[in-house]
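One chain comes next, on its own, written out as structure tokens in the form predicted on its own.
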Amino acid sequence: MEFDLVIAGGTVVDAQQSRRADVGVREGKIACVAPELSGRRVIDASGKLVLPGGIDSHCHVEQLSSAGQMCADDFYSASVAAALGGTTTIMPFAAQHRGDSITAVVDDYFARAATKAVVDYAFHLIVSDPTPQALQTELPLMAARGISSFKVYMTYELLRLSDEQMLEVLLAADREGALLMVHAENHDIIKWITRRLLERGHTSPRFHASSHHPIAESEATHRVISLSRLLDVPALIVHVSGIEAVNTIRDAQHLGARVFAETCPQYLFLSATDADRPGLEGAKWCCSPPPRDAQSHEAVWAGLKDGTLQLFSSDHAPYRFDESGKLPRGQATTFKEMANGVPGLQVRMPLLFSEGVRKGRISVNEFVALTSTNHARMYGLAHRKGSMDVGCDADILVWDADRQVTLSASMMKDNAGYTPYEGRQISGWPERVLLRGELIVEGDRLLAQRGSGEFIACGTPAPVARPVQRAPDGPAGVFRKLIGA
């Protein structure tokens, strides 16, 4: 039997196993994984790893912040960066700001992506104005359109929800079969510390980390878990940064809470001290929550290894180092006013492979789970993405585990203009990238056409983790019946 394409001679890796085999592709799908296949076209993967394409389920693309700053990347530049780094599906956010119609926001986001993206994409929805119209009418419409994850914030003045509002969104997510994502930081703690720092003249970027104290994150994390447990509705805590939050999540999971978690490169490879640079240069290393310290790095690695943290995303939030982004008031910008976020979409997978797999912290199978398979399951994409299973889209990486790369701004395809990982030497890089059976990256060359990416509708999330699934007629179920929820 001849296939359209055969990827021959490599080691095929998925989240469960690694095996020497060929991969046969027909009509853009994986049709067979077996030895000695024949095809009309053949890619020689001898000595290489053959992996499912990466899924980055947390990135900000062509998104307006609540402060009115537009990300540096549009869907073309962000998706090119993704493709060059081995990510074949991105999941950015359609962001509702207060007063916005959710339907109008999502329509606009669809239009922006359709003509620009070179990789496939799905969407999350940021909910900042949970009116009865939004909860009862618009969220069901979004779920029907394939958006099955809603994000809420516990901080940022113009985005944050009260606990009461979060409970309403939790119920709406449960009703629609969607997953609630939460940015968990205590707003009042951050606001109080920030005010006192500014009053004392502490305005430089290095004080950003001081204002976002680890306790602000761990307290909010505990509160999310409590709200989730109250209704027995699952929640995902995004960009977990340090030891206190990791321990809080792990303890809750051991008690059976349906809480899941994600972390990002900045919480393994950057530190709070990176922002301690002359002038405002340190703003390039500032994001929320901030990078922490070596002890937190080890806690995050342990959380990835033991399953406390199921996802490794970039939280790519690129802002130019100028008045359009990081420095809205030029040299007068304080740490409170600068745009929060760092670029990382292109380097997410290579960084984790180099520091995780090559240094023995995680297996190559765990690498695949953390960068692809778990994302597909968590967000209802497993019917098409995230594995080397027959029937899935042929989103495939031919990965050179030995390629040595020195990261630099000049090799980045995003529009941030810098990388916080400048000069870092890593081992491992995608040699070829296929999207639905088509070669879109060869070496360092992009072959894909603008707008060739497709929207992929998310189905029902199927979270992958240790949390115990409670019976629907348990204590939370009884309580919900009592209150009519």
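No experiment lies behind these values; they were computed from the predicted model shown. Position 1 is the first residue in the sequence shown; the rest follow in order.
One more form of this protein, predicted in complex with a small molecule, exists but is not displayed; see below.
J.: Go through 161 to 169, 109 to 117, 312 to 320, 369 to 377 and give me the stretch that gets within 4.5 Å of the small molecule in the predicted complex, heavy atoms only.
T.: Within 4.5 Å of the partner lies stretch 312 to 320.
J.: Which residue, F269, W301, Y76, Y156, is the contact with the small molecule in the predicted complex, using a 4.5 Å heavy atom cutoff?
T.: Among F269, W301, Y76, Y156, a heavy atom within 4.5 Å of the small molecule in the predicted complex occurs only for Y156.
J.: Just give me the single entry in S387, N340, N415, N186 that has a non-hydrogen atom within 4.5 angstroms of the small molecule in the predicted complex.
T.: The residue from S387, N340, N415, N186 that makes the contact is N340.
J.: My question is simply whether K151 lines the interface with the small molecule in the predicted complex - judged by any non-hydrogen atom within 4.5 Å.
T.: Although the small molecule is absent here, K151 would touch it in the predicted complex, with heavy atoms inside 4.5 Å.
J.: So, in the predicted complex, is S288 in contact with the small molecule at a 4.5 angstroms heavy atom limit?
T.: Yes, S288 sits close enough to the small molecule in the predicted complex that at least one of its heavy atoms falls within 4.5 Å.
J.: Report yes if any heavy atom of H239 sits within 4.5 Å of a heavy atom of the small molecule in the predicted complex; otherwise report no.
T.: Output for H239 is yes: heavy atoms within 4.5 Å of the small molecule.
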